[in-house]
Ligand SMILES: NC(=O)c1ccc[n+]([C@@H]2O[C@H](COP(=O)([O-])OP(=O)(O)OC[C@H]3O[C@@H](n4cnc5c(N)ncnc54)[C@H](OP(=O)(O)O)[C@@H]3O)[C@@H](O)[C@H]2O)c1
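Listed next as structure tokens is one chain, alone, in the form predicted alone.
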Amino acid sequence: MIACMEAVLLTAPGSVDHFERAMLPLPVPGPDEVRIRIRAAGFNPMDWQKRKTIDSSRLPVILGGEVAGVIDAVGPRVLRFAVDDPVFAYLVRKPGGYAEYVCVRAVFVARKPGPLSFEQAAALPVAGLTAYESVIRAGVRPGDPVLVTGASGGVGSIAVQIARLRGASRIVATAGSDRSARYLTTRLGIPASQVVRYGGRSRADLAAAAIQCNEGRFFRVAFDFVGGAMTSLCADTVGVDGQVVAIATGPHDATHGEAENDEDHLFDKSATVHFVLLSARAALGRPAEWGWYAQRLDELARWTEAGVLRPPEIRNVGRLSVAAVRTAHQILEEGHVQGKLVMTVGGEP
């Protein structure tokens, strides 16, 4: 019987140099938990943000918020899963993806979609759940024109597809490079005429270009998956009674001056801003509400199995190691990741 596991620990906040290899005792699942033998783990912007800001009192810690693998032990109160079930999971209350095994409450776990590899499945929980909640919050309905900023990222890639599933008539997306523009057209099927290049453009020019891509009309829904200048773009291009959904930053108020003020633009159009923080329900909601995560993961799995939802494009940074984790964090911190970063963790036992 395996008694220990390999993991990559963060031992101090700040630099990627504070990641270290460790051999740790094999975790034991609690009554409501399953233990997953991890086959692949995903990386997200929140990983490097936690690395930078985590309280030293919580260290050392294993980071990593999403995994795919095979269940190898179940707690006595778990009825939905059995040993050897292939699954994917959102590690929201207790991170731990940078390791060979992790224990997680069953309410944050779903069966892995059959058509997906473990690497593809590991890229789905955080981006998929965030995109799903964003589209639901926006109330996308048949015939809506939709603006998606950050559409080539993990969240944006899935949000574009879910918006289409809900009947969006036209999707306009932003791109900062030729590579991103190609991803939008070839991977997501967005016509080149509906891709807005934002490099070197003023705020007014960028808004005019986005509206022109929508045949001169404002958008009923705008998704801000980037923050900064893209927040302003959403505020400028959403129409009367429109909906803006933000996952990065909020709109600037009048204290920032006209050049950066977003709130007045939204107020003048009676527009609504929704914030989506995926972890909020798990952090502040009652345990009875946590089953929402598994329900949404199950829905994402059904869509992928039906062939109507594709996972984000993935880039594998290597097998579980300090070098792979450091590489992923450096790429994430630089920004402009297309699709998702993952690492392979284990093979057959």
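These numbers were taken from a predicted model, which means no experiment stands behind them. Residue numbers run from 1 along the displayed sequence.
We do not show the form predicted in complex with the ligand, though everything after this point is about it.
In the predicted bound form, do G75, A122 and L297 all put a heavy atom within 4.5 Å of the ligand?
The answer is no: none of the three residues contacts the partner (heavy atom, 4.5 Å cut-off).
Picking from 218-226, 93-101, 234-242, 186-194, which part of the chain touches the ligand in the predicted bound form when contact means heavy atoms within 4.5 Å?
Only one stretch passes the 4.5 Å heavy-atom test: 218-226.
Note which of V273, A248, A163, L116 lies within 4.5 Å of the ligand in the predicted bound form, where distance is taken over heavy atoms; exactly one does.
Spelling it out, the residue with a heavy atom inside the cut-off is A248.
Residue-level question: is N316 within 4.5 Å of the ligand in the predicted bound form, judged on heavy atoms?
Heavy-atom contact with the ligand at 4.5 Å: absent for N316.
Please tell me whether any heavy atom belonging to P29 falls inside 4.5 Å of a heavy atom of the ligand, as the geometry stands in the predicted bound form.
Output for P29 is no: heavy atoms all beyond 4.5 Å of the ligand.
Would V126 sit within 4.5 Å of the ligand in the predicted bound form, counting heavy atoms only?
V126: yes, in contact with the ligand in the predicted bound form.
Tell me, yes or no, whether M230 is in contact with the ligand in the predicted bound form, where a contact means a heavy atom of each within 4.5 Å.
Contact with the ligand, yes.
Check each residue of 153-172 against the ligand in the predicted bound form and list those with a heavy atom within 4.5 Å, in sequence order.
G153, G154, V155, G156 sit within 4.5 Å of the partner.
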